[in-house]
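Encoded as structure tokens, the following chain is the form predicted alone, with no partner shown.
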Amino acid sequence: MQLTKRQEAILNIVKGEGPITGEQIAERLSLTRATLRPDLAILTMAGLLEARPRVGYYFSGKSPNQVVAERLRRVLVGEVMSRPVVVREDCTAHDAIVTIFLEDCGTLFVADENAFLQGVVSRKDFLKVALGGRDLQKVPVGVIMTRMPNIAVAYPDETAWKAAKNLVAHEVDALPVVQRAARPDGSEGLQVVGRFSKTNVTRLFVEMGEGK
């Protein structure tokens, strides 16, 4: 979080003299209370300062980095996920590769007719098949995909921070976002509802940098 020189001065005053009123801070800086109001609002909303009626402003004890980390931990996967790109298990490797190019993505989720997750297939999987000299028109995705339960997933109500850690830990480009649901036969399965990828993480990082 980038602070202006005035905001840094306000923060230092509050650290040393807090709790302190807005009028007293303005007096220390030889400015009017109205001039400081936007800066005080920004510092309070950012979590660096806290305010109590009839008491004044005091330092929250948090660094700008801690504030950003707390904001990141409040963002849920369901708020930033994108539309999943799904294919069926009997889709050929050739058709799946075409889908990857048309959808501009690096990973496809394999699901049945009821959107229950069966597997994940990535560009690396297709590259292995191609280098092996196999006919991409004849190889079904089901033969080369990674199957459940060996798939890392994300849930809409978990934090984007946790999902991003899983992207790094499993060295994958995207996670299927799933919800637990009952299959037609009564058993429980994971239904694909979204996609959480490195692009989502990058977009979130950019938006936070822009103060959104």
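When you see a residue number, it is the position in the sequence shown, counting from 1. It should be emphasised that the depicted structure is a prediction, and the values quoted were computed from it without experimental measurement.
Missing here is the form predicted in complex with a small molecule; even so, the following discussion is about that form.
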| query | Taking the partner as it appears in the model of the complex, which of 45-53, 32-40, 155-163, 173-181 has residues with heavy atoms within 4.5 Å of the small molecule? | reply | 173-181
| task | Please check if residue 83 has a heavy atom lying within 4.5 Å of any heavy atom of the small molecule in the model of the complex. | result | no
| said: Taking any heavy atom pair closer than or equal to 4.5 Å as contact, tell me whether residue 73 reaches the small molecule in the model of the complex. | reply: no
| task | Answer for residue 138 alone: is it within 4.5 Å of the small molecule in the model of the complex, judged on heavy atom distances? | result | no
| said: in the model of the complex, is there a heavy atom of the small molecule that lies within 4.5 Å of any heavy atom of residue 96, even though the partner is absent here? | reply: no
| Within 4.5 Å of the small molecule in the model of the complex, heavy atoms considered, which of 77, 120, 105, 87? | 120
